[in-house]
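We begin with a single chain expressed as structure tokens, specifically the form predicted alone.
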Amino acid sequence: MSARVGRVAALALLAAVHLAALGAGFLAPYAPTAQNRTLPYAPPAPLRFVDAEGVFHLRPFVYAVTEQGSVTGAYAEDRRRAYPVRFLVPGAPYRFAGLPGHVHLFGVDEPARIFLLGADGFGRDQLSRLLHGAQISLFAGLMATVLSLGVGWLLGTVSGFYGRGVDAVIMRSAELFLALPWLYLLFAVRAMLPLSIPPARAFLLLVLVIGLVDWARPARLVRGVVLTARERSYVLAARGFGASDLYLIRRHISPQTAGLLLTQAALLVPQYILAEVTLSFLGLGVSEPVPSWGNMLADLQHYHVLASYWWMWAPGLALVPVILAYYALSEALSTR
């Protein structure tokens, strides 16, 4: 019962996070690249219901902020006018599932800005960048996992089903990949490739590099399942009736690897998300101005940002529940 509850809770959290990433254009109040150079490192804007005169408002509102003096990050609210939060407001254009859109969930009138998670050094809204950055970081992990498991399943199945020379070649190659620390191998492969490439191509390149470097572990696990499955009586009986290899693999072998692949997926996705974040943090992934959680965290390499602006930690804090949810899901799947 507890495993089932954990599985449902983890799935609910992950579904909410990934749906928020898919709907980033609608949920984010601003475009992720929109700059406001007059508001560098603006702090998170508190939603208020009581104004400076003590009057209660049913609709939440914010005050405009202005930078004070020459100290970056020192702001004061202008409480002469309240700016109510409006819903379903027009804003920066975006695309969802290939369709154009311009309506955002919420926003405020200019010149006020609603920075619920503060702003970065260019005055860009951290919440908008966090939501759009999730599209890169989360889905890079998912797509790389599909690629890694696909290659691992194919090679592991061929190795376990046919054995002999095929098995020896594939498993010796897998041992070579396993002997090398995969994260350092990932750095080495990515460092050999061009750095200055368009963001879309950089995203696909990340997926390919991450997915193809770590195929060996799932391949060995799949091979073990296939070695057992091919000796089962119903498989031998089907072979005796003239069933082809492709039929045996599709009908009798593959279904037995499904549970293993699901558990491995729940373990690999957070690992690959962290790989993308690490590469982008080091400047080897998707580059600015397109946000990813990794290049957003790159600002923390500057000590004054690390020490003074806590909201710049938002991508790292968002990673924690996502990774824990994936590991809780893998634990629940492994105890089924």
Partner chain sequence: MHGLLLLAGVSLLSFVLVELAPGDYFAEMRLDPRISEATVHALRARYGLDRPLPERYGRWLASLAKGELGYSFAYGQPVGPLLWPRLRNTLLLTVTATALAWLLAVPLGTWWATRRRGPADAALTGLTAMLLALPDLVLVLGLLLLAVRTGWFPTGGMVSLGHEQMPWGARVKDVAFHLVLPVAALVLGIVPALVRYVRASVADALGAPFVRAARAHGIPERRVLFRHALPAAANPLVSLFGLSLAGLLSMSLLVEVVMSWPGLGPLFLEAILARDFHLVLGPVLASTFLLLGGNLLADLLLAATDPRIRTEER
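Positions refer to the first chain, counted from 1. Please read these numbers as outputs of a predicted model, since none were measured by experiment.
Another form, the form predicted in complex with its partner chain, is not on view; read the next lines as being about it.
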{"property": "One stretch from 84 to 92, 204 to 212, 137 to 145, 185 to 193 that, in the predicted complex, holds residues within 4.5 Å of its partner chain by heavy atom", "result": "185 to 193"}
{"property": "Contact residue in the predicted complex, from 50, 58, 47, 307 (heavy atom within 4.5 Å of its partner chain)", "result": "307"}
{"property": "Interface residue in the predicted complex among 246, 76, 179, 97, criterion: non-hydrogen atom within 4.5 angstroms of its partner chain", "result": "179"}
{"property": "Its partner chain contact at residue 27 in the predicted complex, heavy atom, 4.5 Å", "result": "no"}
{"property": "Contact flag, residue 62 vs its partner chain in the predicted complex, heavy atom cut 4.5 Å", "result": "no"}
{"property": "Any non-hydrogen atom of residue 323 within 4.5 angstroms of its partner chain in the predicted complex", "result": "yes"}
{"property": "Contact test in the predicted complex: residue 311 vs its partner chain, heavy atoms, 4.5 Å", "result": "no"}
{"property": "Any residue of 295 to 319 that, in the predicted complex, places a heavy atom within 4.5 Å of its partner chain", "result": "297, 300, 303, 306, 307, 313, 316, 319"}
